[in-house]
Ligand SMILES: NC(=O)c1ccc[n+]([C@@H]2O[C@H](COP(=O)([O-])OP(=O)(O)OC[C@H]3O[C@@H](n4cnc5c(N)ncnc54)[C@H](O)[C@@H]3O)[C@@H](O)[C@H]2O)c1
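The chain below stands alone, shown as structure tokens; this is the form predicted on its own.
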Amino acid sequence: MKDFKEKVALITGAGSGIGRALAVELADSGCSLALVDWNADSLAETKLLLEKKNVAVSTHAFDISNREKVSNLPNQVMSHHNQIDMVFNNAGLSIVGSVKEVDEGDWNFGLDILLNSVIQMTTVFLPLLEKRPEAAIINTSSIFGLFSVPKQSIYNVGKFGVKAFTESLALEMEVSDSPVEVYCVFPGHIGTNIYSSAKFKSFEADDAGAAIFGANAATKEEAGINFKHNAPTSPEHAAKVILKNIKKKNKRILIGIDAHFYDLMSRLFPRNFLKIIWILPFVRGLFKFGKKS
């Protein structure tokens, strides 16, 4: 996609983090927006940031695990904007707990948001996207969609699933000469609220999954603060990277020097990767120059 001017983009998880940053960046590029988030207050805050951007903005506050509301969303978007050119499946959550600790309800809740909503949102908007001269679907996986860590089995399964679904869809679009471009995003440690808003089945000060991203702390609250403020990459920088790669048609988008590091290590040392990455706290200084304000 050459530019975003006079396009219309739908963004899930637009109330904060990368979703909000994408909204601001796209609005600055002249792109109108359909913003989705379960939190009506944070969604209103995002809309307020866009007031003087001279683009059309619609907000849709609902839980994307609600299949009926997702099914009705294309009609709502078309009534507001008359077109849709890009869908950013960006919303996510984390449920922290061992396989023994999480239950069926946790799995259903987590995968409905992380994976099933991505599949449904893609399928309901795909017919409209294919009517456009050029269009794009951008699905956010994670560096945890490339390797697994303890106590994040639900998140890992969801993000691995997003990767698999997106890659399959991309091949189908290419074979059929569809105008729809398909991108998969793999963020590393981004300074968002995802860890502080996580659902904890248990908490350990030396939690392995948290330690990978430098969020280990004495309390959940402290871990959430550390995760957001000690991140090497900001949501604003992440949004810029995503949009830059869409313009360049780079279908696999790694965000952050830490993401590139983990990806490389997992490829070079697939058998011993999990043992190797525990050295990260000792080489954290290597990533400091990658931090963006």
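Predicted model, so just to flag it, every value in this text is computed and none were measured. Numbers for residues come from their place in the sequence shown, where the first is 1.
One more form of this protein exists, namely the form predicted together with the ligand; it is left out here, but the text below deals with it.
At the 4.5 Å threshold, heavy atoms of A91 reach the ligand in the predicted complex.
In the predicted complex, at least one heavy atom of N39 sits within 4.5 Å of the ligand.
In the predicted complex, none of the heavy atoms of K151 sits within 4.5 Å of a heavy atom of the ligand. In the predicted complex, A23 stays away from the ligand, with no heavy atom inside 4.5 Å. Comment: 155-163 is the region of 155-163, 124-132, 95-103, 75-83 lying near the ligand in the predicted complex, near meaning a non-hydrogen atom within 4.5 Å.
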